[in-house]
Structures are given as C-alpha cells and as structure tokens.
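Single chain ahead, written as structure tokens, the form predicted alone.
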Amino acid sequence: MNEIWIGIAAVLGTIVCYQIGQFVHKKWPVSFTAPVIVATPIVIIFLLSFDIPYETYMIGGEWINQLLGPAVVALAYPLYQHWSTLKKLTVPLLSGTLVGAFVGVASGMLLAVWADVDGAIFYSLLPKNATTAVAMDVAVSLGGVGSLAAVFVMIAGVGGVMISSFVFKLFGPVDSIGRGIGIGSASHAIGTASAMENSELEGSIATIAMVVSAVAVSIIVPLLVMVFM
C-alpha cells in the first residue's frame, strides 16, 4: 500500500516539475528552456535535497516509463494526418535520416578514439543516436553497459534539443522537413517531442526519422565496429 502512495507522489511530482518546465518555456521560448530540460534538474535537485533514493522515485517513475509505448503509438495520428505529404518526401526522408544516422555514429566513434575512450564506455557510446531500448540492446551485444548507453542517449537527446536552434540558424533557413529529419535522427524521442511542439508536420517527419534512425544505427554500429575495431 505504501508503494502505491509513493508511486502516486512520484508521478504527481514529475507532472508538477514538467508543468513548471512548460511555464518557463512559454515565458522564454528558446531551446535551452525546453520543458524536459527544465524539469529534469528540478527533479534531481528535489531528490537530492530530501535525500530520496532513486529507487524510491522509480516506483512511480516506472509507471511513467510504461506510458512511453502508448505515447509512441499516439504519434501515428499526426503521421496519418500528413500521410499524403510524407509519401512525397520518401526519398529525402530516408536519405537524410540514413546520412544523419551514419554521421552520428561515425562522429561519436571518432571523438571517442580521439579522447582515448575504450572498453565498455566506448561501446556504450556508439549507439547514442538510437532510441533507448535499441541503444541498450546494441551496446550490450557489443560488450557495453545498457544503463550507461541509456545515459548517453539521454545526453544526445537533451543536447540535440538545446543546440538545435543554433544549428538551424547557423546553416541558414531550414524548413519543417529539414528540422524534423535533423532533430528526429539526432535526438530521437526527446527531439521528436520538441519538434511536435513546433508543428505536427515537423513532428511527423521527426517521428519517421527517429524510427528509421533506430533501425539504421542498429546496423551501422556493428558494421563499423567489425571493420575498424
């Protein structure tokens, strides 16, 4: 019974933190104030301040995790709404996403080699541009650590959202198609959620890019490791 109340408190607390993040983002609508970026440190500070173990928080956090599946399925609705447009964009969508997946894996590998990172950390880092479930499986299959891979995925997602507006401005005007492909292939679910806030079309494109990128990364990573390692 106590666990039920703890779970409810954790879920409600997380919702409150996310609402604070949304309020901040509406007041200062820049990429650095995306709700998930604001809410995450608030949750961490709260847990540290009251000495609440992570395991206790995850009693309710696990309930939220269980909703990730239905949330992803719900993304099919905007896909359906923009299906005619998306069919016309098949070639740029697939080609752009595949290039993005390859660049994401290759750049991560080169930076890891340059920083003299090896072993389990190296293999956990490589699939960072895939969704958490895929990245963890790929990392473990190569000799990495699943939980560490999940951390790198989170860093890639949050980092991509934070610098996305700067990158888009740096390379000139970028339409919804380019933004969706870029953020979906680089920052997976977190980036897709951010894209959905901009427009349904951008979010739909990011959704496809996220899925295609996950499949591509699961193939590219083992191939690059086999060839170069």
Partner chain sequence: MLKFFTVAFHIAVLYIIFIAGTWIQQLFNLFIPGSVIGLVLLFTLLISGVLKVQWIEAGTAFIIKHLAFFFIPVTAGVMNYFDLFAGKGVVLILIGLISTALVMVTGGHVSQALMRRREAEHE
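The structure presented is a predicted model; accordingly, all values stated were derived computationally and were not measured. Numbering follows the first chain given and starts at 1.
Although it is not shown, the form predicted in complex with the partner chain is what the next lines describe.
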query	finding
Contact test in the predicted bound form: I177 vs the partner chain, heavy atoms, 4.5 Å	yes
Contact test in the predicted bound form: L48 vs the partner chain, heavy atoms, 4.5 Å	yes
In the predicted bound form, V24 touching the partner chain (heavy atom, 4.5 Å)	no
I190 within 4.5 Å of the partner chain in the predicted bound form, heavy atoms	yes
Any residue of 194 to 216 that, in the predicted bound form, places a heavy atom within 4.5 Å of the partner chain	M196, E197, T207, M210, V211, V215
